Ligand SMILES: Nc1ncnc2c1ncn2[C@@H]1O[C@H](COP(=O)(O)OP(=O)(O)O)[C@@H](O)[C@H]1O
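Just the one chain here, the form predicted on its own, laid out as structure tokens.
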């Protein structure tokens, strides 16, 4: 009787552990079904929109800092979008072992590489928008454009050099079909991966501070300009014209589009990444359910970061008049009211971008 009880208890404990393991498994419907579907939608939209954007930008000369930065973001977005099919197959458990190894060694590295390249160029765009708002009549020249091209090349080269060891040092053979990317890294690879994570955190937080400062200054300048224009208009006519109010409102919304995309796409992931990293490196502080929650939170906010590849074309359309004009000319469409959109159509502090 006691032996039967012991066997029953042992079986019961094993069953509880199995149920607990299943409850904590990352292979939930969210990971294997929902996210693959969402990434499939992003892949289709991203390739369509960014392919069109690249086609249009090939017809636009790099005549301003802004256009140079936008062209770099287009390239980064296309590369990022090309990594989505591999993540889709891996998350849906449809990938072979070779494809999963490729995801760990190459695809994931490219995804994060292009994410932080986009973040850096968002910071540069914010600085450029701030400069154009505060000093609208300061133009550019061939020398400055050449320096911006050199800066762009330096950013790509530096981040590629930083990411390359993550590819090279992910060289261990998988001993089973069930493995994590960290299992494929050498000891030096794990240390380098940790170093790269710290550098990426510096890149993000540094650019977040830059974006906040720039758009705080832009907000102040916009308010001053609007107040001056309002006072001058009231002095001349004694009343506001709704059409002009609409134009100013549209200009202000367009200027802050970069800020909105940055905060929607990149801020949630980096705030979620902190507790997720802690749950992975200090596992004893968290139970299985908590680790699973932080993993799902990280994956959800990572999808928002991927959404950047679809939202960026909105920036090209609404902020870059040259892009918008070239797009309508290429498609042989009439711009209509869209010709009035953008922050590069005037020479006032509210919106001179000279693109």
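Source: prediction; values computed, not measured. We call the rigid core whatever largest set of C-alpha positions still superposes within 1.5 Å between the two forms. Numbering follows the first chain given and starts at 1.
There is also a form predicted together with this ligand; it is not shown, and the following applies to it.
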Which of these residues, 131, 71, 193, 148, gets a heavy atom within 4.5 Å of this ligand in the predicted bound form? 193
Only one of 232, 186, 157, 280 comes within 4.5 Å of this ligand in the predicted bound form by heavy atoms, so just point that one out. 280
Is this ligand in the predicted bound form near all of 197, 295 and 298, within 4.5 Å of a heavy atom of each? yes
At 4.5 Å between heavy atoms, only one of the stretches 139 to 147, 205 to 213, 160 to 168, 123 to 131 reaches this ligand in the predicted bound form; which one is it? 160 to 168
Does the 4.5 Å heavy atom contact test between residue 76 and this ligand in the predicted bound form come out positive? no
Contact flag, residue 181 vs this ligand in the predicted bound form, heavy atom cut 4.5 Å: yes
Contact flag, residue 108 vs this ligand in the predicted bound form, heavy atom cut 4.5 Å: yes
Considering only heavy atoms, tell me if residue 80 and this ligand come within 4.5 Å of each other in the predicted bound form. no
Heavy atom within 4.5 Å of this ligand in the predicted bound form: which residues of 97 to 136 meet that condition, in order? 104, 108, 109, 112, 116
Inspect the rigid-core superposition and answer whether the C-alpha of residue 274 shifts by 2 angstroms or more between the shown form and the other one. yes
